[in-house]
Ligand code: ARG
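Quick heads-up: it's one chain on its own, the form predicted on its own, in structure tokens.
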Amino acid sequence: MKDLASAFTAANARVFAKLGLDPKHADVRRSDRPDLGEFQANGALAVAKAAGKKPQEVAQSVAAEWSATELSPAPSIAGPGFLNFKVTADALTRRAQFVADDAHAGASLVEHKRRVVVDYGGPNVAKGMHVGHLRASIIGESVKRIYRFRGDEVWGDAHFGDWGFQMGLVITALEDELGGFDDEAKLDARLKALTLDQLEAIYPAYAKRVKEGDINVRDRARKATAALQGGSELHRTIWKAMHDVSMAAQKRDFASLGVDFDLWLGESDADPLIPGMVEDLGKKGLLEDDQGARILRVAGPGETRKKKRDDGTVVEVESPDPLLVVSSEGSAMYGTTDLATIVQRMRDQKPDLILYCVDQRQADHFEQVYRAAAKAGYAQRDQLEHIGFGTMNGPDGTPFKTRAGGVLKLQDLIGQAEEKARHRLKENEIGADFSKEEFEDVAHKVAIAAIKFADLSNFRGTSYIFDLDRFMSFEGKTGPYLLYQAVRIKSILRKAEEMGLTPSPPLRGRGQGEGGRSDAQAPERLNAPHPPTPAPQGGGGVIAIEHESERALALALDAFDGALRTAYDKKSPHFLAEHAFNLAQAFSGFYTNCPILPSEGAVRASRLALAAATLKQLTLTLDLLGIEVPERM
């Protein structure tokens, strides 16, 4: 069954076609002025010139021809020609009943399923996860869930940074610490005792030396990198110890954040493909020698940008820059590994689309890689897309750090949020009768909800200020508020069950087995016959929309499909976050103005069914954002 906006658009398009107007301008959307109408259309302004009429005249013609009275009476006209529609109670009732019965809570599936790889997370070996990994992890996880829920075949890939110069740098540091690698027993003992904390201390110290101009360390690290990539057994043994220590810690961190992957692969997994790929690029005439290195030019004819030299002169250079494929030391570069990973994914997953959820500051790098892949024939350019995002900032507007100025570890951030959640729960007198285990579980869920919703309620392309005190509030547009509303509905339904008033189970939805409706069976018109939900005596029943707060809640439930489709199309979960908040607000108004359990008969049954539908959709929406709802609060 179509959502109301789609049904209105289809009906309006028929009117436009009948009047000889271009139906592509017949779009109907939710109104910015609900005082004038719940849905609105502005197409009369767009087609007026071609029709040789004033917009008001076009709007009047459309209103006069309106025949979909099962949806709305003839629209009213405002301003220069805006059409405003008010949904009939019957149309709202049918839509709310469909949402209540449907296993997908009113959401539509994709028409054409695709195979999609979502690359997100991206932590590095020899480094613990920190707040800089937060946005990639939770945005990517949500995008993966959204795409999978709508019917695509999806793989989430962590794509660990476990290859390249940083590995050579840590190997060099260990060589200095041990005075060389000649003593095998000494090396073996050191690797067995290796911890992530030690690696986190080693890497920045040596990275700082290179940054400060220590050419000796830099060159030795480059040679160690080349030896690792060349298959040196010694270097591979050291690398594996670092890899295993890091992987164990990162799996723990991802689990605490509620993030999981289908593919736990890293840059190293694509390394075996690099020699053959480089040979292939050479045979295709795409590689050029450049001061001992090998590059692949990705700029199109005449694509240039201005670059300022060290001497102050400005010159025109290619844009984007060429992709450095092989360094002068013979090692593969960051971009080379990314290119080989595309080859690997095309071979193994055969995706129609690869989405890279990575910091917006990496946009130029990915443009180089995507162009190189297209030029080499490894993937089409439109199969590769960078889902960029801004930074999570502190109060000073710069990327979030500790008070001492260091990068805050992810586990420390979660710990801070959990401590704040405990305080808020006690402050709101929640959990006094919980066991210690349940209280801690609820505190963790509240903490993760606060962190995730604070991030996902913003458009991913923007940066935002992280304010834990504000995000942890049980009031306003926050994760804890949404959890509280969902748990409130659970409490109402539990009480109804104790009273023998449990709403009947929803009809099985699409593809859910016996008794379910397939997409082909679902009524496409809002006035099509809709089978009522069987109602046990004294329990739930058919929904009836009468009170204004019931209307508002039904309209909010109807909006889920549109929010989900937009989040899918724009790869931006914030549309779903906005929907979750609007739905919770609508239920709050419904709960205040429409008594549920104190009401009687068919009214009570209808309101219980509305509450159950709200819980189903709200829980589902939060799950798509990666937020888990506790049983009680």
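These numbers were taken from a predicted model, which means no experiment stands behind them. Residues carry their position along the shown sequence, with the first being 1.
Missing here is the form predicted together with this ligand; even so, the following discussion is about that form.
Screening Tyr356, Phe453, Phe85, Phe560 for any heavy atom within 4.5 Å of this ligand in the predicted bound form leaves a single hit, Tyr356. This chain appears without its partner; in the predicted bound form, the one residue of Asp253, Asp338, Asp152, Asp271 with a heavy atom within 4.5 Å of this ligand is Asp338. Figure note: of the listed segments 362-370, 309-317, 442-450, 94-102, the one touching this ligand in the predicted bound form, with heavy atoms no more than 4.5 Å away, is 362-370. Contact with this ligand in the predicted bound form holds for all three of Asp119, His133 and Tyr334, each having a heavy atom within 4.5 Å. Taking the partner from elsewhere, His159 is found to have a heavy atom lying within 4.5 Å of this ligand in the predicted bound form. Using a 4.5 angstroms threshold between heavy atoms, Asn124 counts as touching this ligand in the predicted bound form.
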